[in-house]
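The chain that follows stands alone, in the form predicted on its own, written as structure tokens.
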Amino acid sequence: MSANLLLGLSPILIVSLGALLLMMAEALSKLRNEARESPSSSLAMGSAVVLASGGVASLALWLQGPDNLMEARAALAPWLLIDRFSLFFFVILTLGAFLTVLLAGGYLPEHKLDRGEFYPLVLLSTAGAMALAAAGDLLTMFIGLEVMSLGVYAMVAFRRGSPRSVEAAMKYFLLGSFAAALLLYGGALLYGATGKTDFSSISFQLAHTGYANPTNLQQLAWENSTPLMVIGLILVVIGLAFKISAVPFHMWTPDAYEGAPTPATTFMAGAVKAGAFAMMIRVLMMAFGDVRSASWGSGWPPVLAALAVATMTVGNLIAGRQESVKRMLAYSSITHAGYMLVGVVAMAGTARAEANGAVLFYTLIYTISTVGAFGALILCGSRGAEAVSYEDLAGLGKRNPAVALALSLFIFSLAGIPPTAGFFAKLYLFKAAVSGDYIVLTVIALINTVIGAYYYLRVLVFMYFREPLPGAPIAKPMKSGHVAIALVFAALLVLALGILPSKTLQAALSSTISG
């Protein structure tokens, strides 16, 4: 194996080998019967170092330029595509997982869930998501999807003594398996229609179907395979919609998010959703990016636009009715999937490069903001005095101003209020949709943004303008250096990318999908 190939694969290899080393370290630590110390402190920091190394390697390759890795790219294509698009998502995924393991380093010991296998699960799922983001073939895509998903199923059920956690994991596993089967069956139909599994070849075949007067047997075969392609596309879109929790394929999301330990919820809302969107963009723009498949009259854009409208609207309306803050954030993540779908639809229009960059920038900001929001919620409560409902947050601004300020910052970013990065993420996304002539879709998204401000600002009302009811349990903030480090880092990113967003946006704009 050449050094060039190892360099191209270095981000995935670092995370994967780091996961294996952590598994060995965790197993060896169980053999010691010394002070029975908590494994989370060392494993969390070890995981953070591995993920930071993977992120730095991805950033270094992005800065160096994938064109300098031609040997590696040629050897890996079409199964794995090492381009700026995949490297940008590698940075997002490692960043989301980095913040997750730091949060877990404080949460798991506090809530008596301190089992070391959580950290290798996060790293292995991250490696699967990275393979998913770089996949250029249906087979690689499915393998990456399953590696990512299996680790997440285990993390959802990590609280083994909780019936709610076990029920949530079972629902997620069954529905996730059903969605994976649909995706696999759709891929099989596409292979049957085209004889190919890589996205570029499928796109080439699609571009040559539909001849009015076929001139040879090959053209006639392609013409007759069109129904298989259409059905395959429908099944693939349904499978992808499930993974990003788009309405009406969102049923698993609230229960899984609420039943899982909060660090696992954080990972699902951030890194897993980012990996799923990378997969969706790669499939739609590479395999189904031809003129007819990506047209409003005969392709997937109107279907995705309908999903975007339903996802934004339903997510917002149900989120506003929740009394559990964690469940509200779950429906909020569904709503943000709808906003990102607006950007994906815009990629089929005339402003493809602008929409591509806007979606990548939005995914980065959303990942940081949602991980920060769940992390701040972790910090708001301790074992036996967790912050679950809005009432649990009443008076927090007076009792613990620093914790309330942290949660407020991330809530502002999710709501899209300046000068946080969330404001510019929405601004650039909606601007790209307008540039692509999707005016009505943009107006609907803006209306939903205003609706969403209600339940976000409700959190602030309870923290700063309400007092706990007499005799009501009061959430007691926990003390954890790991959680504090994660929140300070995320908060600095939210503010820095809000004040100076241009360089990061420019990097996102240059991270277009390679063919």
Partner chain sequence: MNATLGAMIDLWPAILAGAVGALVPRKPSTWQRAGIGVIAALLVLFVMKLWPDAAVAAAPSAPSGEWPHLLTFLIGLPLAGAILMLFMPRQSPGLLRAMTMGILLVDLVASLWLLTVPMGVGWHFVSVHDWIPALGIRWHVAVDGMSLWLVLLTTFITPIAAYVSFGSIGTRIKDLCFSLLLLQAAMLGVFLSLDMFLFYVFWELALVPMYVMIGVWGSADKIKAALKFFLYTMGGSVLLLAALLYLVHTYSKLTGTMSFDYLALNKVLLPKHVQMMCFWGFAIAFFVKVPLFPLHTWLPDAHVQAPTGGSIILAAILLKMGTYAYMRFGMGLFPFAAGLQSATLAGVAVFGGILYGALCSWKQDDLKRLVAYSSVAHLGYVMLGLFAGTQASMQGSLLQQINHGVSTGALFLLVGVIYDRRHTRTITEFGGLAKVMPVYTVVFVIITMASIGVPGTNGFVGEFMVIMGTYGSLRLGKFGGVDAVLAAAGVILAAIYMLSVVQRVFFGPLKNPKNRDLPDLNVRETLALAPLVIMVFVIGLFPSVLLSRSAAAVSAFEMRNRLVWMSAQELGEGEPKLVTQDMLLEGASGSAREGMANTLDEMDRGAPVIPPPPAADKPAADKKEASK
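None of these values were measured; they are calculated from a predicted model. Residue numbers count along the first chain shown, from 1.
Just so it is clear, the following notes concern the form predicted together with the partner chain, a form of the same protein that is not shown.
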item	value
Residue 24 within 4.5 Å of the partner chain in the predicted complex, heavy atoms	no
Proximity of residue 500 to the partner chain in the predicted complex, heavy atoms at 4.5 Å	yes
Contact of residue 166 with the partner chain in the predicted complex (heavy atom, 4.5 Å)	no
4.5 Å heavy atom contact, residue 476 and the partner chain in the predicted complex	no
Listed residue (320, 195, 78, 418) with a non-hydrogen atom within 4.5 angstroms of the partner chain in the predicted complex	418
The partner chain: the contacting residue among 98, 257, 89, 430 in the predicted complex [heavy atom, 4.5 Å]	430
Per-stretch contact check against the partner chain in the predicted complex, the hit in 110-118, 248-256, 434-442, 126-134 (non-hydrogen atom, 4.5 angstroms)	434-442
